[in-house]
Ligand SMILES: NC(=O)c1ccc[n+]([C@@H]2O[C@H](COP(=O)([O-])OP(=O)(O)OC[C@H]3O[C@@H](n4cnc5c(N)ncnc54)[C@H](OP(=O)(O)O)[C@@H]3O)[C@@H](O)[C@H]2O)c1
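Only one chain is shown below, in structure tokens, and it's the form predicted on its own.
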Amino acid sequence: MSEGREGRPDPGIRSGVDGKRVLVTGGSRGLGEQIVRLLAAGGARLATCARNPEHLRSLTASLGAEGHEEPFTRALDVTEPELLEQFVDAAAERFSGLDGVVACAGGARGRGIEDAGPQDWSLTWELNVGHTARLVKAAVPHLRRAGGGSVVVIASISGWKPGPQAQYGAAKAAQIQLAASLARELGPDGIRVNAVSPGSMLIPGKRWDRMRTEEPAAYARFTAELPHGELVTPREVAQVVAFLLADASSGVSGAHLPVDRAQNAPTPGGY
């Protein structure tokens, strides 16, 4: 059984996702890795992709060492035409179907509006919105054959709370709208679609963790407006994703769920 935030078991996670066949994009690091680990601990059968094959090998070895079923993995760039679709089909063939997909891969290219060129905007769109749309399109036939399923789109609080970079916020806003629209379109097939918007997450070695250790005064100012005084963790976000993949959330579709500890500004430069 998986462990809770303070080491206590998470009741319901195993019964909720046990045996579910789930594909997660961007599952080797950060939030994606936490989603994969939580679902694996709950007994899900997993497929995940990422660009770095070494990260995927490390994840597979780690899960195997913990006694979990090793995920089906493939190194690929989700913006490359056909590679993502081929991986979805291969995972569905391996598992004899799919019950859920999580669009977690994403990111941004370029900086401010004066520095970011058309290619930065285009690639940011493809990393987030384009990859999500292609993932869902490829997964729909497999989810439909399974009698329905759950799609979780990882957006961001940057999708409706302003802050730099504009191209990232615009893409995340589009993902939130995409999830709501697809929930209506795919609902008749028993396919639920929801968006989850993490706040600024404290991930070891990443931006906010570096700020915390290298610029403690700036970090304190950044987190001072949070009612709890702390950034959300990837595991807390992953727990919400696991709930949306489970049958316990069968009535939830077309929703946008922020997981941000009531955060306002998505970056020190926001609001």
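From 1 onward, residues are counted along the sequence shown. In this text the structure is predicted, and so the values were computed from the model without any measurement.
Absent from the display: the form predicted together with this ligand. The rest refers to it.
- Look at 88-96, 140-148, 181-189, 123-131: in the predicted bound form, residues with non-hydrogen atoms within 4.5 angstroms of this ligand sit in 123-131.
- Relative to this ligand in the predicted bound form, residues F72, G100 and A238 are all farther than 4.5 Å at every heavy atom.
- Exactly one listed residue, out of R212, R51, R37, H68, brings a non-hydrogen atom to within 4.5 Å of this ligand in the predicted bound form: R51.
- Though this ligand is absent from this view, in the predicted bound form it lies within 4.5 Å of a heavy atom of just one residue from G107, P162, G117, G112, which is G107.
- Using a 4.5 angstroms limit between non-hydrogen atoms, W208 touches this ligand in the predicted bound form.
- A170 falls outside the set of residues with a heavy atom inside 4.5 Å of this ligand in the predicted bound form.
- In the predicted bound form, this ligand sits within 4.5 Å of a heavy atom of G30.
- Taking the partner from elsewhere, D77 is found to have a heavy atom lying within 4.5 Å of this ligand in the predicted bound form.
- Of all the residues from 185-206, those having a non-hydrogen atom no more than 4.5 Å from this ligand in the predicted bound form are P198, G199, S200, M201, I203, K206.
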